[in-house]
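Take a look at this one chain, the form predicted on its own, written out in structure tokens.
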Amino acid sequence: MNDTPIKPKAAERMKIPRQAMDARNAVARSASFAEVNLGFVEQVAMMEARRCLDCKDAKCVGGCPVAIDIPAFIDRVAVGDFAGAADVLLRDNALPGISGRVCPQEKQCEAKCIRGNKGGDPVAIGYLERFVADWAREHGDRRLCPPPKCEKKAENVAIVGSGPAGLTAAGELAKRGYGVTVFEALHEAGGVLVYGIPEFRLPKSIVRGEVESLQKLGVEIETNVVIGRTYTIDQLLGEMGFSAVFIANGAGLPMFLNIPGENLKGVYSANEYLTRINLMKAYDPNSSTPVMRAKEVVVVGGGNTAMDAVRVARRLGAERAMLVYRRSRAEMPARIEEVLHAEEEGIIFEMLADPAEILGDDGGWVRAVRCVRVQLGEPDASGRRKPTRIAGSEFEIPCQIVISALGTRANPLLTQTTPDLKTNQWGYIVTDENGMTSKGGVFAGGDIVRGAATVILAMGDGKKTAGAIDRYLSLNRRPT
């Protein structure tokens, strides 16, 4: 297939540079919701895979929350056996096309890569994961939907929420033979994958494809069902006949700045703004969902959600889309790749600035944000350097829209209707190391337990807790 040796010596592998992934032109993409990254072609994927050193003690696996056998699937890519790579990948990850796009590999598996630690760049594990998932889908490879290999179990499991934790648990339990029903509050399955992450970073066709693969495994999905209102947890365990429940409804209640002017017209939470755009398709002129467009937009925050919101604003026509963050670029939690893409698209970064007030005009609409310059002091309890305002450093940023992207917290609807479900002081569900809650037969994972975090950490919770549910049901199974 290729003149390059399949298994070059380690010294030769070290000479192969990390392969770049092509992306759409920055100017063109800043006005388009088409996916930015274009993926690897086969020969580039094989070349990148040959950079792997086949380490005996593969540290990269330990850096993966869902414990993918990374060396094994990369080895298959290196020799052009893409179907074999898909077999390996799907054993451990039900959503590879998603995690290959949005997982912060640079902080996890790639950060542990011995190839990178020996000098140069780590193997592009995330790019290769995406390549394998996309290749299998494009070639109609049914390995993306392996049939259940075990006998059908008598028990049924209810899963609350169809985000990454819920979908991962659903796949793991279905492969073990359980009947699985996922209850989703919105009208489309995917949770944050469809309402929170923009099309240009994660095409919704990818999410739908992986949801459909789970449905072919036997997973049932019921949308427009709000657990805590449509049904309670007690009803799921009682009259509805489920033997266990996994709560993975996320933490979708937005946090605000708590400064004067937040009630002005033109102020959004990132949750509302992105949901209107991503799930309700407000960017489409034919959509019935309204969303404001403006020439000057300010997004407050430094994480991936903030980055998504400011890049969306740019695509909706903002001539001056600005990110305001009260720390420096080095402290930004957003993925490095997303920050670089934003810069290429013309996003303006206003660092070490703290919003103090949102200013309005006579009609009650936003006209500017008044900020104060800050300096970073000693690290706080979380280990991050605490910003301190500099007296007399106030300045104004003209804008017509302000978007608050400061994170989210737990929605109390479900927990308020389940009084015997223990929560902590912030409203998150308390679990043990296996994901079991204070209520018998009820497990929880993802953001509703750990607080707002990454997609892959939620997937890791889903996989781990599915195993715990299986053990719990096996121990409590009545002899036939």
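Being a predicted model, the structure only gives us computed values, none of them experimental. The first residue of the shown sequence is 1; numbering continues from there.
Only in words, not in the display: the form predicted together with a small molecule, which the text now covers.
- Look at 160 to 168, 395 to 403, 339 to 347, 259 to 267: in the predicted bound form, residues with non-hydrogen atoms within 4.5 angstroms of the small molecule sit in 160 to 168.
- The single contact residue among 192, 323, 133, 123, judged by any heavy atom lying within 4.5 Å of the small molecule in the predicted bound form, is 192.
- With the partner omitted here, the residue from 200, 242, 178, 183 that has a non-hydrogen atom within 4.5 angstroms of the small molecule in the predicted bound form is 183.
- The small molecule in the predicted bound form comes within 4.5 Å of no heavy atom belonging to residue 301.
- Interface residue remark: residue 386 is not counted as part of the site for the small molecule in the predicted bound form, having no heavy atom within 4.5 Å.
- Put simply, residue 250 is close to the small molecule in the predicted bound form: some heavy atom of it is within 4.5 Å.
- Using a 4.5 angstroms threshold between heavy atoms, residue 431 stays clear of the small molecule in the predicted bound form.
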